[in-house]
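Below you'll find only one chain, the form predicted on its own, shown as structure tokens.
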């Protein structure tokens, strides 16, 4: 490829020659064809139709200084060269209808002339691959009066070729992910990948985000971090507004979310803006969104789609533009099937769905989270507390074992560290405090469901007739197994809990298969044992 073509916009000021200094002034479109090391074969000169005479003059002068250059003047229908929509549309239409024969010609986009809006549109169309080639920037001469050529530079937008920039962007991305994780050096590969995806989405999209996961998995803290990250990148100017929908009931729910006007109901003595209005320009986090009533869901859907809603008792729509993050520990798809959650709202908030795993599914992340909780305690209490090596090893051995169920997830871990740090003398947690805490956690987690709960599970799962055929021995055993299945997220997790002791003596434990075979003896599978009832 030995041909070079230039696409440029006529500079109605810079390209205009003066009567006396015509050949002694820098005119970008002409000067770029005077470069000794840039042989231009084709110049596509775009110009507004009102400047036909100037376009012809520039084309003529280019052929004088560079006889090998073929200039094609192309009228670009524009009334206002500063109107972005008009300029982009005109350039887009021209680019779509032009064949550039890139296999024969290397194209350069001259972005020195034209209005700033025109230059921006050239850049955007080039980045979107509607216009080919590299960007060409020319500069006026710095030498004497006879120097009218100036200089030029090529700008290649392929960032993959810039190792230093690529490394910088990678570091920025990792820093953002680290921020979302509160600086905790997590090791769980699945969780780290999840955070990487969330970081990508929150910096590129303002669509609603759905965070699911068990209570205490960190949904609220992650929502706050997302808001802070977007605020750092100048993407949000409004406030972070949070509410637990499980606390909203009846008129209180409507009033809290959408506000009310004075006199809307008994006790409404003044106007109330509502949380959606307070979140204008910011981020609204609706935790436990599955607890919202159907009427509130309908109004929320309208607010998301149309950016307007009606306060209680009001007759004028209120505008609010906010980003929504919804959190829940429920299976919203199941609630849709039960007609307890609107299908259209679920579809609207389910575009970006991220499930936060429980702490028991991230046991390798317990150690860095212990250090994080100690730092939080030091900041809150203004007192530095450490775990000595023996105490740390003892606590981690217990916390990472199947015995530690971490039912409340990070709330359990935070409470455990807070208690040990508070009881520690001389700023050092010893084995004594750790053993006391382990005993306390064991007692809290071993509160088994009652026999009545087990009986209910058996009847709901097997049915009354099949349940009546069980021996008392089998009833006790099966009831306990079903209760563990109800509290576990997977067949493997339930198996690890049920066979926590015997699995240690197996070189290749297969807890899931053992549990599957046991359930099959009673005509059950994982789905039936997991979803028929609940404790």
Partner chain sequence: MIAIDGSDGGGQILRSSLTLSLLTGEAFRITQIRGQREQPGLKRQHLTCVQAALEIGKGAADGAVLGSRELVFHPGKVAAGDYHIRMSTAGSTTLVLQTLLLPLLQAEAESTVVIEGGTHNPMAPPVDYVQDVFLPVLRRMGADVALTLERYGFAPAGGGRIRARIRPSALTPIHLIARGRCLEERARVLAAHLDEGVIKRQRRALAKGLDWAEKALQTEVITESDGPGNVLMIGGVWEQGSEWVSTFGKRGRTSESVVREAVKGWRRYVQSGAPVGRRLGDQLLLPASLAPGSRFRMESSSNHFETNRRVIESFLPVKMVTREEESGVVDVKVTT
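Values in this document were obtained by computation on a predicted structure and should not be read as measured data. Residue numbers count along the first chain shown, from 1.
Below, we refer to the form predicted in complex with the partner chain, which is not included among the displayed structures.
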Taking 235, 297 and 305 together, does each of them reach the partner chain in the predicted bound form with some heavy atom inside 4.5 Å?
-> no
Go through 33, 491, 498, 467 and name the one with a heavy atom inside 4.5 Å of the partner chain in the predicted bound form.
-> 33
Which of these residues, 38, 484, 59, 44, gets a heavy atom within 4.5 Å of the partner chain in the predicted bound form?
-> 38
With the partner removed from view, which of 60-68, 506-514, 47-55, 470-478 is the stretch that lies within 4.5 Å of the partner chain in the predicted bound form, judged by heavy atom distances?
-> 60-68
Would you please decide whether residue 148 lies within 4.5 angstroms of the partner chain in the predicted bound form, comparing each non-hydrogen atom pair?
-> yes
Wondering, does residue 24 line up within 4.5 Å of the partner chain in the predicted bound form on heavy atoms?
-> yes
